[in-house]
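Below sits a lone chain in structure tokens, taken as the form predicted on its own.
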Amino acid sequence: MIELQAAVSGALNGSLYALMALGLSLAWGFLKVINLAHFAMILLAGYLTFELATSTGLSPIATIVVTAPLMFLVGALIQLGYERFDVSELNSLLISYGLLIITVQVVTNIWTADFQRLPSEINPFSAESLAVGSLRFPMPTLLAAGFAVVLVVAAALVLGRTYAGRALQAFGQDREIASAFGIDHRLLGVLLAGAAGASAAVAGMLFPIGGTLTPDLPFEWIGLVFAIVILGGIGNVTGTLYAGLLVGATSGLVAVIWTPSTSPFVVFSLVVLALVFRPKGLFPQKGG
């Protein structure tokens, strides 16, 4: 029973990292941009959630009405910059890393390097849980799983059933041919980058609900989130969710059966094996 609790709890935790990976995977898969600034937007959204909730008494969830449009704008502006200066895939990695470092320093200057936690009177979710038989599931992880499923399903429907989604897929496969058919790839790219920024705002809102904030968190996120992107398949939205659940469940089980310190060894062993045997990810898309 302990192993089952660890696996399910780990999978729920993994859904938050899947949500963090969603925007990164879409930008990399369709825009050919490795946007580490995505982590900066998650961090900034987390601190803005903390600031808005503590200063106004708003529920942390309600703060997304402010942070989501703001991060949409930030993501869109960053993509406009990439388009304006014709930034290559490799250079996007370097530039966005610089943006991440700048954001971490700005956050440190404003909120200090101390741990920040939402007070319980503003964040009742931190103390709530759902009991199913002998299993208990903390409310923050359930919220993360719910938001992750909703956003992944929404993204999959947009990509698969709308003109804009099909145009993005065509552009991601062959830019020149897509442009020849009149697809406005710049507008679609900016909208996609904005949507990725909005998803970063949701992830940023969820993180302080379930834990503490500190400016150096992105450096803890990067490895795990990239593992989920690679295992799920770059640009594969449903694969990202499945990979997040897999990584989370695996980490939880390894922590119980073996030791917590060996979880990264197992997870990144999966990444290496995936790159060797399934370079398109463990969950290929139809026609992939």
Partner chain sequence: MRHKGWLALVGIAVAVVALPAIRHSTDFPMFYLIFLSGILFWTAQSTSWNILSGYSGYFSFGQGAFFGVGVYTMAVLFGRQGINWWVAALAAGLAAMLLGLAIGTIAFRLRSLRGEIFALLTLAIPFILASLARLSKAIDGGQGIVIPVPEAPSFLSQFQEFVFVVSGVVALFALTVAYVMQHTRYGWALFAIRDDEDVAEGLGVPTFFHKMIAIGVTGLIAGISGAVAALQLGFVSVEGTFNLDVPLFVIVMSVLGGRGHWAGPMVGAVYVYTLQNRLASGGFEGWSLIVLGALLVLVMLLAPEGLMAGFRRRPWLSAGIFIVIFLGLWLLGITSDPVTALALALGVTAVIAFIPGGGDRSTSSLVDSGEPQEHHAPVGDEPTDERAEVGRPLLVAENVVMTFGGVRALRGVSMRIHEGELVGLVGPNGSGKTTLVNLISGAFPPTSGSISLDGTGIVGARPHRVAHLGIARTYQIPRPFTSLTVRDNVAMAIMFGREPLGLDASRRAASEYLDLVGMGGRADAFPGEINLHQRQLLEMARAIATRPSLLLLDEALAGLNPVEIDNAVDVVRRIRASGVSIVLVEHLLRVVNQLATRIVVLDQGLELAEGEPAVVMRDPAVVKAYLGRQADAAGD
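Numbering follows the first chain given and starts at 1. No experiment lies behind these values; they were computed from the predicted model shown.
Same protein, other form: the form predicted together with the partner chain, not shown, and the subject of what follows.
Every residue in the set E89, V106 and G223 has a non-hydrogen atom no more than 4.5 Å from the partner chain in the predicted complex. Here the chain stands alone, but in the predicted complex its contact with the partner chain, taken as any heavy atom within 4.5 Å, falls in 89-97 among 89-97, 193-201, 70-78, 153-161. At least one heavy atom of I230 is located within 4.5 Å of the partner chain in the predicted complex. When the partner chain is considered in the predicted complex, T262 lines it closely, a heavy atom lying within 4.5 Å. A residue is said to contact a partner when one of its heavy atoms sits within 4.5 Å of a partner heavy atom; I101 meets this definition for the partner chain in the predicted complex. Proximity of Y47 to the partner chain in the predicted complex: non-hydrogen atoms within 4.5 Å are absent; the residue sits far from the partner. Among L246, I64, A40, I234, the residue placing a heavy atom within 4.5 Å of the partner chain in the predicted complex is I234.
With contact defined as any non-hydrogen atom lying within 4.5 angstroms of the partner chain in the predicted complex, the contacting residues in 251-278 are T259, S261, T262, P264, F265, F268, S269, V271, V272, L275, V276, given in sequence order.
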